[in-house]
Each structure stands twice: as structure tokens, then as C-alpha cells.
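As a starting point, one isolated chain is supplied in C-alpha cells, in the form predicted on its own.
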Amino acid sequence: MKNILYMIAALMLTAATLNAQSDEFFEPKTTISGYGELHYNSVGVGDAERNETLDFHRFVLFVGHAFNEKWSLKSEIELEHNYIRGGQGELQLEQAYVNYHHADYLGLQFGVLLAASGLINEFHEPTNFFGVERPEYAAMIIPTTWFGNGIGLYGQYKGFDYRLLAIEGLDPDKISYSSGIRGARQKGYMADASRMLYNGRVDYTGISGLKIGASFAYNLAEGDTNNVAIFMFEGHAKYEKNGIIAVAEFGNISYDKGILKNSRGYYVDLGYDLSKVVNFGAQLAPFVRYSQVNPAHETLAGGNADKQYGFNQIMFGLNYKPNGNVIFKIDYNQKERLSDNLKTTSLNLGVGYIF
């Protein structure tokens, strides 16, 4: 706890030292934006009857306010699955922080922050990724959307983009075979601040069309029944130029004790915007994905437990953007469980927007 108090005091002192006199001609401004997505999913497991659902998966509003040219408030509130009933559906505050922007190379953040890991956790709007649903990797390895209460630094310098965070830690008692650390997130609710999680990301964007980087996260997580040291490393890259859209992410989480030893996964996307060769007046991008994800890649029990929740996946799909703010998606994918080769097939349709 002392460490986090020292960090908060240091950041506040830094902000006070750097803060310049406000521009007397600046007019405070409030902005509202958001995104949403409607999904149709038809899922079949083995020979069982297919399950079909139609769900307005997410309705999200961003509210921001610029107090002056240096200080602002940024927030994001999300409603999932239309409404909340009987423990189903969610209403959550995914971002809400005071932001101090000293210069492009240095800014400070205080509040509910998104973890700086991977390509999608910080930029998870439906226009930013292939496929109707977010990649399985982004759910089972990096638990997108992953957020927590804390403090952070960020900046850009000579083609490098960085973020450093100290946010609430994880609950090791809720780590599971099926979803790794996903259930261990505290989500900002009366979060235990005795064991903070330290997280950092660096990206290089100095080459046109390319974003490449890596991140880490470390937490000596303290629970009611055990303490677990958790370390995450992930690497990611995205290239988008001349019609080519290529994406790759790899992540590994190691645990020093408990039921899991490692969670691991990766995926690779390759797509091409056909409007570069045929004038559609809009982006039309077929794509293919290969993925392997296993939240219980290595377990204390060993044997079949290492394969029960892991799978290989192949996906084919199409993204259509009539403009930069609306997207239509279709994909077909097949997952094969590592333990017994059980196949799950999905046909998904979606429409999303951002404004």
C-alpha cells in the first residue's frame, strides 16, 4: 500500500510541477461518442442441435470533458445484452479517469484505466478487428475488456508509443482452467489495493502502416486461500497498407503456484481490401484467421487437464465498411478441442457502428 501512495504522490507532484498556466481563451468542451454491435450467432457443438441467438451485444457511450488545454475527463460506460436480469447482462464503467496532457511525450492518468496489453483491449470498437466476435485470444488470454482503478503515464516520442500503469491486482482464488485470469479481474468494485498490478506497453509506429510492440503485466496476487505471482508477456503486430491487412498476437501468462502453470495463445489474421483493385466506394475485406488458445496450457494436474479447454481454430470471413463509422461482418469458423478433437462450428453475422 505504501508503494502505491508513494507513486500517487510522485505523479501528483509531477503534474503540479509540469502544469503551465491555462490559455485564457480556452473554452471548456464536452463531447459524447460511442459504439455498438448487434450479433447473430448460430453455434453447433458436435452432433448436437445448433443454438441460434440474436443479441445486441454492446451499447457503449463515451463522455469526455476538456477543462482546459491540459486537463480533461474521459469515460466509457457499457451496457451488455440489452438489460440486466438474474445475473445476466452487465452495466459497467470501463473507463473514467482524469487526464493531464503535458506534451506528446508525457501525460498522466488517474482513475479507471484500461490495461495496456495487446491490440484490442485499448481499441476494442467493432471497426477495429476482423470477425463478428472479438478474437477468442482477446477473451481467454488477455481478458478484454480488462480495466481497473489506478494511475498511469503515457506518451509518444520519435515513433514510440508507451503506457505504464499501476492498477488493482487480480484475485487468485478466481483463476480457472476454462478462462485463466478472466474471472480474477476485480473490475474496480471496492478493489483490494494491497497488491497492485504493474503493467507496461511499448509500440513502434515509425514505419508507415505498421504497428509492432509488446507488453508485460506483473502481480503478486493475494487471495483468501493462496497468493500467486502472475506474469504476463505478450507481443503484437498489425500491418495495414496497400490493401493488405495482417494481424498477429501472442501471449503467455505464467503462475508460480496454484492450479495453473501457464496460459498461452496466439492468432494470425490475413485480409485484403478488394476496393484497392475494384472501385466499390467502400472497404470490402475478406480474411482468414488461424488461432490456438489454451487458458490451461500447462496445469499442476497435467494429463488431460492441459488439453480440456484448449482448441485450434480456423475462421473465414468478410468485413464490409460502407463508410468509416459503420461495419457489416460475416464469418464461419471451426474450433477443434485439443483433448478429444470435438468440433464446434459457428456462423456469425454482425453490424456495428462508431461515432
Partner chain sequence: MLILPQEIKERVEEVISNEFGSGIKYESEKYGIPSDVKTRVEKSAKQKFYSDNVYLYKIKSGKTLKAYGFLDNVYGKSLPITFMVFLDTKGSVLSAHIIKYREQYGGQVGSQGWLDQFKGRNNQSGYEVSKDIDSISGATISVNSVTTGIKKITLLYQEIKDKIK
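Positions refer to the first chain, counted from 1. Small disclaimer: the values here were computed from a predicted structure and weren't measured.
What comes next is about the form predicted together with its partner chain, which does not appear here.
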Item checked: Listed range touching its partner chain, judged in the predicted complex by heavy atoms within 4.5 Å, from 223 to 231, 86 to 94, 276 to 284, 172 to 180 -> 276 to 284
Next item on the list: Please state whether all three residues 128, 211 and 241 have a non-hydrogen atom within 4.5 angstroms of its partner chain in the predicted complex.
Entry: yes
Margin query: Within 4.5 Å, heavy atoms only: does residue 52 come near its partner chain in the predicted complex?
Written below: no
Notebook entry, point to check: Do residue 31 and its partner chain come within 4.5 Å of each other in the predicted complex, heavy atoms counted?
Noted result: yes
Notebook entry, point to check: With a 4.5 Å heavy atom cut-off, would you call residue 290 a contact of its partner chain in the predicted complex?
Noted result: no
Check: Wondering, does residue 326 line up within 4.5 Å of its partner chain in the predicted complex on heavy atoms?
Finding: no
Notebook entry, point to check: Quick one: of 62, 316, 320, 40, which gets a non-hydrogen atom within 4.5 angstroms of its partner chain in the predicted complex?
Noted result: 62
Checklist line | in the predicted complex, the one of 146, 137, 154, 255 near its partner chain [non-hydrogen atom within 4.5 angstroms] | finding: 154
Note to self: Under the 4.5 Å heavy atom criterion, name the residues of 89 to 116 that approach its partner chain in the predicted complex, in sequence order.
What the structure shows: 97, 99, 101, 104, 109
